[in-house]
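Shown here is one chain on its own, the form predicted alone, set out as structure tokens.
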Amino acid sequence: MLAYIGRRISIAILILFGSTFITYNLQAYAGDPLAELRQSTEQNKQFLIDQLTKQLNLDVPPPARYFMWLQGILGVFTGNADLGMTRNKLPVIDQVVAAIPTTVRLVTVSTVLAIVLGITFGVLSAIRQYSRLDYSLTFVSFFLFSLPIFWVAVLLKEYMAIRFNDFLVNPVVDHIWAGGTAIVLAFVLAGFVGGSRRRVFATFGVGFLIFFGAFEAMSATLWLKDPSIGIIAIGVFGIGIAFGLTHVFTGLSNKKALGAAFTSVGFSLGMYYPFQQLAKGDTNYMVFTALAITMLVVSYFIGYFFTKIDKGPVIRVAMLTAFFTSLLTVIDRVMQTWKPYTELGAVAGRPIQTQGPVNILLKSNDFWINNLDLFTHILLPTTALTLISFAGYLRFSRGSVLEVLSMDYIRTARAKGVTEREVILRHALRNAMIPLTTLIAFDIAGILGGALITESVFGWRGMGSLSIEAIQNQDLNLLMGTFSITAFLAVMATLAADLIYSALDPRIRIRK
């Protein structure tokens, strides 16, 4: 294993050297930083040309200049890494370090959501092949996959920000709109539930009544002006979560798992009021970390002590139930901040933001207001990126699961009497994840590459915007600073993917 890793690292170093060398020289020969100065009519034109030539070492041939740049990069081994200076005489490393947190905050959330949701719905689509759900998800995935990201971003700004902010002035849902939306949501719910025609129509009818009633209640109470969930609603949702997770992981016939899930719901509800007291405006992330660790540890032991055999699925059910129920408690606390946030002068009743990562006019020391501001700024770009990536993961995971389900060992497991749940979760899903590993690894590695179009549309200055700026200004050092980080993460992703292969499938062995 160590020899294999050593070989792969050596190959990675050669790839990094080759890719950076080619990129550096292509950009150096393609652009002319002196072009504007040569066309200038200033009297000190030659002085400015000589000054910029000296600053950027333009009198040195690009191949030799690359090694001068590489010498600064290799300083990372001595703790003196130097990515050079930008054309504005600013350290490149400072520009990159300032852009990375913005990019990570923007792209990480959308990548994780796309992976989780895409794989989840892809597996559901494969399990229920040629069903109403499968056809619906296939249509949605192809539709989203065909949309250009800039168009999606502009539509989100128009309808989820501008018009929604206008709607919040008087958030009364029209009866026709409420009925139409309730029909669509009920249709989606019926597709997920599936079953006989009678069952589908029954689900559709019940779903329509629930959704239409919810919209009417929201209108009557002006809920969107001052939203909340409350401990009773959290308890109802928690019970539903307990049933759902137990059904997925063990089946409702497993009373031990169901009991562990209900106990986790009770524990989460018991933490509701203590959390409200601890989560004041002057709270911090340390309090959240302590509460999260407490929740996970307690729910782990709940699942552990509820059964003596096959503890793994029961523990997962207990921990996930506690997590999602506790998440509702956090969301409820955020909702309590919604009205004070929208009434701030810097927000002016228009909470959904369309430009930049933060509201520079907002001056507050309240933990919840500051985090709600971050959320309202990241909502639209994250939604745009998630929708596009979600479609790809859904189609890819569906095809992968269908391929695995046709294998001989799956038919053998079914013939031996293994339940369909165990066939999917323990046999099919693990092997279906193998081809997805490379895609996931590259997407995670590409997080620091930024999102060029999305950052431009929503006014975020991240790694993507920095790369575009470097190309437009023919700033070679700045371009290489962003490219070298992206290239390094890409080659490390291939190594990580190969190592994960062997963990997912014991049949894969790495040569010594």
Partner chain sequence: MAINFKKKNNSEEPVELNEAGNEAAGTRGMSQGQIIRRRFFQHKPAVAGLVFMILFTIFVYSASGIHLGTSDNPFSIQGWWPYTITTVSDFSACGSGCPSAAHPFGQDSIGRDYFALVTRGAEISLMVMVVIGGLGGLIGTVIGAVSGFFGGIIDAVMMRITDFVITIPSILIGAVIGYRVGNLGVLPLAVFLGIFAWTGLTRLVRGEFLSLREREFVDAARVAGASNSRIIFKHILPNSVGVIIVSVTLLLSGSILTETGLSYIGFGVQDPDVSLGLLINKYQDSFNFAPWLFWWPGVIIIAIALSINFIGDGLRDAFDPRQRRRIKKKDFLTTSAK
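Positions refer to the first chain, counted from 1. So that the term is clear: the rigid core is the largest set of C-alpha atoms that superpose within 1.5 Å between two forms. Model, not experiment: these values are computed from the prediction.
Although it is not shown, the form predicted in complex with the partner chain is what the next lines describe.
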Suppose contact means a heavy atom within 4.5 Å; in the predicted complex, does that hold for all of Leu155, Glu158 and Leu452 with the partner chain? yes
In the predicted complex, the residue from Phe375, Phe243, Phe288, Tyr135 with a non-hydrogen atom within 4.5 Å of the partner chain is Tyr135
Answer with one of Phe142, Phe237, Phe323, Tyr300: the residue that has a non-hydrogen atom within 4.5 Å of the partner chain in the predicted complex. Phe142
Considering only heavy atoms, tell me if Tyr66 and the partner chain come within 4.5 Å of each other in the predicted complex. no
At 4.5 Å between heavy atoms, is Val491 in contact with the partner chain in the predicted complex? yes
Could you tell me if Leu479 has a non-hydrogen atom within 4.5 Å of the partner chain in the predicted complex? yes
Contact label in the predicted complex: Leu209 to the partner chain, heavy atom within 4.5 Å: no
Interface residues of 18-32 toward the partner chain, as seen in the predicted complex [heavy atoms, 4.5 Å]: Gly18, Ser19, Ile22, Thr23, Leu26, Gln27, Tyr29, Ala30, Gly31, Asp32
Tell me, please, whether between this form and the one not shown the C-alpha of Leu34 is shifted by 2 Å or more, with the rigid core used for superposition. yes
